[in-house]
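What follows is one chain in structure tokens, specifically the form predicted on its own.
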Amino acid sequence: MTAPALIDTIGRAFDLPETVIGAFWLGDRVLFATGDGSVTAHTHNGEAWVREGVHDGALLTACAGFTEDVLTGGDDGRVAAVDAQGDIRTLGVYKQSWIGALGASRTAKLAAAGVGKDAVILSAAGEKHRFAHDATVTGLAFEPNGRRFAAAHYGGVTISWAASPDSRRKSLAWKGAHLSVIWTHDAKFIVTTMQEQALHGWRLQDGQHFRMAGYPAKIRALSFSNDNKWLASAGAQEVVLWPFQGPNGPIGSNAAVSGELGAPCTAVACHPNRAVLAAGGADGEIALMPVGGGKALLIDRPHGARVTALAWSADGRRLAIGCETGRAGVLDFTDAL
């Protein structure tokens, strides 16, 4: 791609103090959670505020919160919520552990935190329930209606009812280390990323499992297309798309691809209302691609730093980017899409 980078024409780039762990839009502000334990807010026009010391140590994980906020977890054992104005509140502190996984449901107004082998359910008032697992919890996700949550761990996934730790739980077993988990929009399938270069999934109706392998690199990101028909995945130079249009999902089907980067894809984010996606690579290149293939537009040139975060605003007008070195940016696509 030889065209000018969109970051130079419809955006701006800036440097943050550490690795961007996540980027999350709250209205017209994007909150960047960085590995030094801080959270920084930006608008399209400039920096809004910085909150240092959200964590006393490294910030390890972050997710969109269950209200208009962002949740962060650190090696200090703290789960914090930060809103668009920069107000910080503590939801829980677990001094004997670190927080390596978070998930939240705005529908249920609940969050889940991975505290060692436990998944702790949190509300605005603090801890509500605790669910023990046989291995360290590495990924958490609520189903769309917020009633159940899935915990990824070594050996598979455990699905629990968030409101009742005594209710019957569902185990989805597959040998190996499962790192993150995602539900389909209709809660009919669950997919995990694995330590090995593969995805694994289950159809929940009957427990039928399926394996999606052949990736040349670790799969660091998943994102569903705006129509929920395709699951876009990082891990190859092309964005790999798995079909979820029918009752069998990708079972017995082949993947499609969308565009190509110059290095393995490390971040992907589908546009919320258009059939396009943003993809970033291990060398810092970021491109805008049509879902299913077509001409790609260069968002940012390669600069040697892995892309770690891509996030569209809810209306799809703005895109936030973040990288391993702290390089970040905001683009305004109002007149471009």
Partner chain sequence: MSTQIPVTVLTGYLGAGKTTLLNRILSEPHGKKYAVIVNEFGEIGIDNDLVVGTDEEVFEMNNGCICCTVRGDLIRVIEGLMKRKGRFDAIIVETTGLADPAPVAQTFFVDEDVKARTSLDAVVTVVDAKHLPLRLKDSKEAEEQIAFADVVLLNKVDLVSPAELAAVEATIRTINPYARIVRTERSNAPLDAVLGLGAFDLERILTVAPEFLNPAHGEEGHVHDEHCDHDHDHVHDEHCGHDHHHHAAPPKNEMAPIHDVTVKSVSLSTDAPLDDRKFFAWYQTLLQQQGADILRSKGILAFKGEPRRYVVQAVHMMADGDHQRPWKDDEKRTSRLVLIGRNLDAPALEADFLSCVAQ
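Numbering follows the first chain given and starts at 1. Worth saying up front: this structure is predicted, and the values here are computed from it rather than measured.
Beyond the structure shown, there is the form predicted in complex with the partner chain, which is absent from this document and is the topic of what follows.
Using a 4.5 angstroms heavy atom cutoff to the partner chain in the model of the complex, all of Ile21, Thr136 and Gly304 count as contacting. Note on contacts: among Ser164, Asn248, Gln197, Thr107, the single residue with a heavy atom within 4.5 Å of the partner chain in the model of the complex is Gln197. This chain lacks the partner; the member of Glu127, Asp227, Asp75, Asp186 within 4.5 angstroms of the partner chain in the model of the complex by a non-hydrogen atom is Asp75. Residues with any non-hydrogen atom within 4.5 angstroms of the partner chain in the model of the complex fall in just one of 273-281, 288-296, 54-62, 24-32: 54-62. Shown alone here, Thr325 lies within 4.5 Å of the partner chain in the model of the complex, counting heavy atoms only. In the model of the complex, the partner chain sits beyond 4.5 Å of every heavy atom of Tyr94.
Proximity of Arg168 to the partner chain in the model of the complex: non-hydrogen atoms within 4.5 Å are absent; the residue sits far from the partner. Shown alone here, Gly176 lies within 4.5 Å of the partner chain in the model of the complex, counting heavy atoms only. Looking at 144-167, the one residue that comes within 4.5 Å of the partner chain in the model of the complex, counting any heavy atom, is Tyr154.
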